[in-house]
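Next up: a single chain in structure tokens, the form predicted alone.
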Amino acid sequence: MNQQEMREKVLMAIQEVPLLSPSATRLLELSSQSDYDIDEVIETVKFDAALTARLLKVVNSVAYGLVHEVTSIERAVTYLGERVVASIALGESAKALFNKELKGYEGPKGELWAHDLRTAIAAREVARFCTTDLSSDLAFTAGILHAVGKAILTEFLEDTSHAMLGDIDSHDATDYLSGERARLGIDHTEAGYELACAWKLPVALQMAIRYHHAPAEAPAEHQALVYAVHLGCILAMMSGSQASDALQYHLDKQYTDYFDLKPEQIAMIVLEMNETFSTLQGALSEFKENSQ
């Protein structure tokens, strides 16, 4: 099967992915805005009984260690923060995607969600050092979504990772993206972008997904966000990844055009990422165990 035929198969697979829930879609839309009201987040959650129950279980988990049980969604949203609420809604709405085994990347079940969560936390912290106006909440949400295309491509790339790494070592491929394109006529950033369009996600999130490995190619008005996710992704891979493509991409050092970051500040971002990841991952893991 040639590249064009494989590409068409991938695009058909994208069209078969279920739409996000209305509440997840609305929360992602709100988190991409700079002037939304937290009451809008609370109202959205209140109209989704299943999401309400999930958030209360997460916030009351042992990982958060609260002294008093949280029983109102207002307190849960306030404590967790809008970005975490949106990510939980997304993770539950698209659980089949985010928790699937990444056989094409030799990654275990849950690896995609773990990498995305690390990237989101790092991108949020990077955004705080932006020299232009950039929402840290938007950077977090973009980080959660940035690699969703891998969930689409994984079934088409099974048993190819060893060959792709060999191509990179021999310089027949410049990075993992070029290896994906050589085999499928499409890479995971484009596949994720096509899915984001099908889900009708905000344009800023679409651009972060499409260009997170090539931030200089993003439209100028979205480059600060894309660079935040780009750097967050690299830091997440450096801090732990079980997938075959870990650190098989190039760092675009032009991120310094948007972020005033010194080495010691990057080190602090990595520390914050790992500590916050442990808390969130612990809470969400406990919730999943309790909900089975």
Partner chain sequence: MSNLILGVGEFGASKTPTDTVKTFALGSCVAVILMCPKTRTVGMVHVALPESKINPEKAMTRPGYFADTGIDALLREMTKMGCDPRGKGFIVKLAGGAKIMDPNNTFNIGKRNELAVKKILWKYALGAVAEDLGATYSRTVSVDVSTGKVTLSSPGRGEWNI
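Residue numbers count along the first chain shown, from 1. None of these values were measured; they are calculated from a predicted model.
There is another form of the same protein, the form predicted in complex with the partner chain; it is not shown, and what comes next is about it.
Colleague: Heavy atom within 4.5 Å of the partner chain in the predicted bound form: which of L56, L30, A246, I42?
Modeller: The residue from L56, L30, A246, I42 that makes the contact is A246.
Colleague: Give me the residue from V270, L280, I14, L20 that has a heavy atom within 4.5 Å of the partner chain in the predicted bound form.
Modeller: None of the others qualify; the residue that does is V270.
Colleague: Does the partner chain get within 4.5 angstroms of any non-hydrogen atom of L231 in the predicted bound form?
Modeller: L231 belongs to the contact set for the partner chain.
Colleague: Is Y105 close to the partner chain in the predicted bound form, meaning a heavy atom pair under 4.5 Å apart or at it?
Modeller: Flag for Y105 set to yes.
Colleague: Within 4.5 Å, heavy atoms only: does Y255 come near the partner chain in the predicted bound form?
Modeller: Yes - in the predicted bound form, heavy atoms of Y255 and the partner chain come within 4.5 Å of each other.
Colleague: I'd like to know whether H250 contacts the partner chain in the predicted bound form, with contact meaning heavy atoms within 4.5 angstroms.
Modeller: It does: once the partner chain is placed as it appears in the predicted bound form, H250 has a heavy atom within 4.5 Å of it.
Colleague: Has each of T25, L80 and A94 got a heavy atom lying within 4.5 angstroms of the partner chain in the predicted bound form?
Modeller: Result no, not one residue of the spot touches the partner chain.
Colleague: Can you say which of 235-243, 32-40, 48-56, 66-74 gets within 4.5 Å of the partner chain in the predicted bound form, counting heavy atoms only?
Modeller: Partner-contacting stretch among the options: 235-243.
Colleague: So which bits of 75-104 sit within 4.5 Å of the partner chain in the predicted bound form, heavy atoms only?
Modeller: Stretch hits: zero.
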